[in-house]
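In structure tokens, the next block holds one chain alone, the form predicted on its own.
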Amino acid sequence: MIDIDGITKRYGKATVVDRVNLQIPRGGVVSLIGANGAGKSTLLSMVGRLLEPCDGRITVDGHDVQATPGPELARRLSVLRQENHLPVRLAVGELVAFGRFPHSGGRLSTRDHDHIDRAIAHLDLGPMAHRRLDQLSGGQRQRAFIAMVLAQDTDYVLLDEPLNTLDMRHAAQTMDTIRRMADDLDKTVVVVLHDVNVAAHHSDRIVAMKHGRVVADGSPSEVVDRDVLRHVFDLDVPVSHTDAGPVAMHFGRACTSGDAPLASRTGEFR
């Protein structure tokens, strides 16, 4: 389990993440949603020890994220950043092999090669394993980075906006891959997403943030709700309920200062 206890992150006088408490049990896909600047990526980065919190504590299966030695933490938890800066002349197989570094220290064993081969196969990258990253489409390149994370073979996988810059087809393929990681490989995936409908369709749980705080936390049908989304995005978003789940109609009406505060009409969301 990932246990987030009172986590806060400040930059000067600006509080970006504000006393967040959250527990993420093993299994499934958890999506973090919210407007730009809500604190989603910052929270994910602190869970992955890419950023140090100002206050609070995060543990992964009881291991303190800040105190656990790096190689040990990297065998439990893997992170895919929003932006990855690696040489574009790197081949796909070489990129995926980086995921085994916490286990191999750079000296790949037969077991390491097995994990690399399985990750490449799981992402359907076999025909392009020897191609360079600059020879791939955006969607193929993103799949290669996810394969690298998958080869790391951790129980917990953190993905920061993995759909960024992808078209509809490649975004759908990527989310299908993420879903299969949870269902077929028993991973716990925490993913930052901007599209609430994508989150609703592919997630077991959605956590919504606003101004650095968690303001809604529940199943897709509980969070992809007109009143909840109005509170989260300051936008009046009609929601339709279909056999496949809730669908938010993005062409909503922006809330104005004259609108009654949501909390006064519906209570506080959590």
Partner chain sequence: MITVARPAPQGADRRYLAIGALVLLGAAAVSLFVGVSGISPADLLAGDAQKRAVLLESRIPRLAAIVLAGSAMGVAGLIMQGLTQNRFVAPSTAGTIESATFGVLVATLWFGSGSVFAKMTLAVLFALVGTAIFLALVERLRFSDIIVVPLVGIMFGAVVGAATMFFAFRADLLQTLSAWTTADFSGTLRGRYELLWLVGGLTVLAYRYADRFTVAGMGRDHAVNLGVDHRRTVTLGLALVAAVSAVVVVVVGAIPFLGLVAPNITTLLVGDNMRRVLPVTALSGALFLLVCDILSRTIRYPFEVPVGTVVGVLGGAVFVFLIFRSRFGAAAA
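Numbering follows the first chain given and starts at 1. Everything quoted here is computed from the prediction, not taken from an experiment. Note that the rigid core is defined as the largest set of C-alphas that superpose within 1.5 Å between two forms.
Below, we turn to the form predicted in complex with the partner chain, even though it does not appear here.
Shown without its partner, this chain lists Arg81, His122, His170, Arg179 as candidates; in the predicted complex, only Arg81 has a non-hydrogen atom within 4.5 angstroms of the partner chain. Of the residues given (Arg226, Arg49, His201, Arg213), Arg49 alone sits with a heavy atom within 4.5 Å of the partner chain in the predicted complex. Stretch 71 to 79 is the contacting one of 71 to 79, 179 to 187, 160 to 168, 192 to 200, since its residues have non-hydrogen atoms within 4.5 Å of the partner chain in the predicted complex. For Gly93, a non-hydrogen atom is located within 4.5 Å of the partner chain in the predicted complex, even though that partner is not displayed.
In the predicted complex, the partner chain sits beyond 4.5 Å of every heavy atom of Leu136.
Although the partner is absent here, Arg111 sits far enough away that none of its heavy atoms falls within 4.5 Å of the partner chain in the predicted complex.
For Asp153, no non-hydrogen atom is located within 4.5 Å of the partner chain in the predicted complex, even though that partner is not displayed.
Three-residue candidate spot Phe233, Val237 and His241; no residue lies within 4.5 angstroms of the partner chain in the predicted complex by any non-hydrogen atom. Residues Ala129, His130, Arg132 are the members of 122 to 143 with a non-hydrogen atom no more than 4.5 angstroms from the partner chain in the predicted complex. With a cut-off of 2 Å and the rigid core superposed, Gln152 has a Cα displacement that falls short of the cut-off between the shown form and the other one.
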